[in-house]
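As structure tokens, one chain now follows by itself in the form predicted on its own.
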């Protein structure tokens, strides 16, 4: 195997080199540690001369003792341990380039059923690499003193990096873990690689196994796609290979939504609810509800998806020329803000758009100055009447009929007899 020690010294930042040197020293000093390797994406990125992400390490032997010692030497807190023989060292307050170091026990994995979580057992570095998703992510570089820089590449990942192709390690890869279909899309677009010639066939044969994934896992994978700068290309590719339809039959991305997403790809400030609302813009009520159900979506995410269809039921009313601000607020008050923003960006250029913009930028911020305590102080009795009077004042303020707090109090007093008579 080639030696890539030059990558460790010339292509790595000072902070990465510091971690690598700690790993070399610990592997030489700590009993029970037979090998330490950087693995996965960091190896691929060093070869490609891309800025690497967080550090992933695989330890042959006592990974727990190793991770505790590495945490101590870097000044981090004790590692977090998982049920899968993994340890996370959080370094965001210590390093500027590295937010965490993940240490795994070199292990083999087996799957009792498609989409099931794996059964793990302690094993060798070769077995640890064979359990990974794609050949380009299945390489390791030794950080042990005697083998410093030696590339471990049992699946010819180096060759696939040179050929710029994404290739699975075996034909059952997508059956074992259908989330790898999402990852294949992300890596191919992110790296500018092509899928291996056999990949489309394997994806086609196994894509039905997406149904075996929990809603949470599917939603997480979809949200990871939306979080990428190249999300538009990833969504297009997902649609081409049938991944979107496999998530939910009605899930599709309209041309206008893709255009809006493309324009926003340069911005890192777009919030997830806004991305979900834009991505699902154009789905009807049944389709939106099916997507939310498939995602097992929490309220915030679910409302961003179903809100589009909810808004579509009422938005035409906003085209009326003499609509008062209070009427606009009443129409839109139950619609998620993300869905309103999505309509502004992706909806037709009709008069309603101006009303939507006015609501987002002005109307929704107009509130009465008076509170329930103010009304109690002037003798209005405790109960639902308080909220009803404040709502009357809110509408009046929206329509410019009151301008001061005293105006609001006088209006509430004048309307009190009518409420008491009910």
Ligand code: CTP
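Positions refer to the first chain, counted from 1. Note that the structure is predicted; figures quoted are calculated from it, not measured.
Separately, the form predicted in complex with the named molecule exists; it is not shown, and the next lines address it.
Worksheet item: Are all three residues 126, 153 and 165 in contact with the named molecule in the predicted complex, where contact means a non-hydrogen atom within 4.5 Å?
Response: So, no: the whole triplet misses the named molecule.
Fill in: Selected contact from 256, 190, 90, 73, since only one has a non-hydrogen atom within 4.5 angstroms of the named molecule in the predicted complex
Contact check passes for 190.
Worksheet item: Of 341, 137, 306, 142, which residue is found within 4.5 angstroms of the named molecule in the predicted complex when only non-hydrogen atoms are counted?
Response: None of the other options qualify; the answer is 137.
Discussion item. Only one of 180-188, 198-206, 331-339, 75-83 has heavy atoms within 4.5 Å of the named molecule in the predicted complex; I'd like to know which.
Written reply: Among the candidates, contact is made by 180-188.
Discussion item. I'd like to know whether residue 44 contacts the named molecule in the predicted complex, with contact meaning heavy atoms within 4.5 angstroms.
Written reply: Contact check for residue 44: yes, within 4.5 Å of the named molecule in the predicted complex.
Fill in: in the predicted complex, residue 107 touching the named molecule (heavy atom, 4.5 Å)
No, residue 107 sits far enough from the named molecule in the predicted complex that none of its heavy atoms falls within 4.5 Å.
Worksheet item: How about residue 132: is it within 4.5 Å of the named molecule in the predicted complex, going by heavy atoms?
Response: Judged by the heavy-atom cut-off of 4.5 Å, residue 132 is in contact with the named molecule in the predicted complex.
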